[in-house]
Structures are given as structure tokens and as C-alpha cells.
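In C-alpha cells, one chain follows: the form predicted on its own.
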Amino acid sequence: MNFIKKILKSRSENGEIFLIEIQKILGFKPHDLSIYKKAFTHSSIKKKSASGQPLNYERLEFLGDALLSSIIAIDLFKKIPTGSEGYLTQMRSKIVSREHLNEIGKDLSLISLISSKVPKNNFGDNIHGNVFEALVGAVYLDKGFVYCEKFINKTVIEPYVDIERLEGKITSYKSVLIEWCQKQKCQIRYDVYEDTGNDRTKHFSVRLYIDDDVVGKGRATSKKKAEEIASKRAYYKLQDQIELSE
């Protein structure tokens, strides 16, 4: 009987800690805490509702992604009355980019609240942005659009949206390099190969050639990420030349 009491007490304390931490992040008291718990539940838990639906953050992530995009679009539309459709789309893409959302998720230390059977050091970087999107979805379901808008304003717009800085922010180093090479009439080529090394997870390594010279290397769990890492390193190596040609 004492053992059962200890378990119940532990669960109660964990719930209280979660409530305190989530309130700090949100800046208001949640109405339905179960929605937020779902936003921090990884699919590895394999939890299901009474009707058999999976109880994890993936559906909330989908909802949060759409809300973020819409609310950022509204903010940019109001802030930049002279911005063209293409310019506004570009600015929104920079704000809601995976890299940027991962940065926000890390700053909020969201990973510390995740329930998972996977060790947290095995998660990829995208877990930070994915959970942040799920949290946005949870706020909307719990408190409605106005609270959701206020939350995004507090966590994304006020601390991160600086239009002048965003104008100069590069979201794809690969695209910049390809465009520069086309202007310079240079040949650009990515040599991609599998590289398992000592890791259990399969990795890809990339050598980036401009004409016959290797100007950047990258290694990651996907070809796309490895190419972007190699491109970023090549960009900073060639930055003076690229900026002089603009």
C-alpha cells in the first residue's frame, strides 16, 4: 500500500513540476493541462486514447505549423505595407525556417519537458522546432486564437523578428553558391557518399567542388543537411569574393 502511495505522490509531484514549468514558458495558466502534456509526448511512448488515437505531439505539430505561418504572415502584412508578395513570402520563410524554430525551441529549453523512451541525446536538432510547433497548437486548442497570437508575439516576433537583420539572413547557402557559380560561369558539384564511421546511425559525407577544387565538406544524417553544411563552410571561405561580385 505504501508503494502505491509513493507512486501516486511521485505522479502528483511530476504533474505539479510540469505545470510550474509550462506556466513559466506560456506566461499564463493553462486551462487544460492534458493538451500541453500531449504536446510534449514523443511517439516512442506509444500512448493511445480510449478511442485508439495516438497521444503524441505530431498532430499538434501540424496545427502549430499552420498557425505560426498565418500569424507571422498577418504581422508582416501589417508591419511592411509596401512589401510585395514575394518579399513577404521570403521574410516569412526566414522566420518560420526549421533552423530558426529549432533555435527558439532550444532557447525555451523545451526538450527538458519531453516524455520519451528515446534518450534525449539521441534526438536530432529538429525535435526543438517540432515541439515548439506542437506547443503553439496546444495553446490554440486550450485558449483560442487571441492567446495563440499573444504567445507567438512573445516567443517569436518580439525577440527574433528584426526586419533589417532578416533581410541579410541566408536560409540556404547551397542556393547562394549555385547562383554565384552560375554568374561566375563556374562548375559546382556535390560528391555525396555514405559514411557510417563509428556511429550506429547512417551518415552522409559531402565534398563540395567548384571547378576542380574542394571548397567545403559536410557530414550529417541526411544528404540535404550534409550538402548545406558543406555549402555554409564554402560560403564563408569564399565570402569576400561572393560579396565583391554582388
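Numbers follow the displayed sequence, beginning with 1. These numbers come from a predicted model, not from an experiment.
Keep in mind that the form predicted together with another copy of the chain is not shown, yet the notes after this line are about it.
Of the candidate stretches 210-218, 49-57, 181-189, 22-30, only 49-57 has residues whose heavy atoms lie within 4.5 Å of another copy of the chain in the predicted bound form.
Contact between residue 82 and another copy of the chain in the predicted bound form is found at the 4.5 Å heavy atom cutoff.
Mapping the unseen interface onto this chain, residue 142 falls outside it, with no heavy atom inside 4.5 Å of another copy of the chain in the predicted bound form.
Another copy of the chain is not shown here, and in the predicted bound form it never comes within 4.5 Å of any heavy atom of residue 123. Contact annotation for residue 89: at least one heavy atom lies within 4.5 Å of another copy of the chain in the predicted bound form. With the partner omitted here, the residue from 157, 163, 111, 74 that has a non-hydrogen atom within 4.5 angstroms of another copy of the chain in the predicted bound form is 74.
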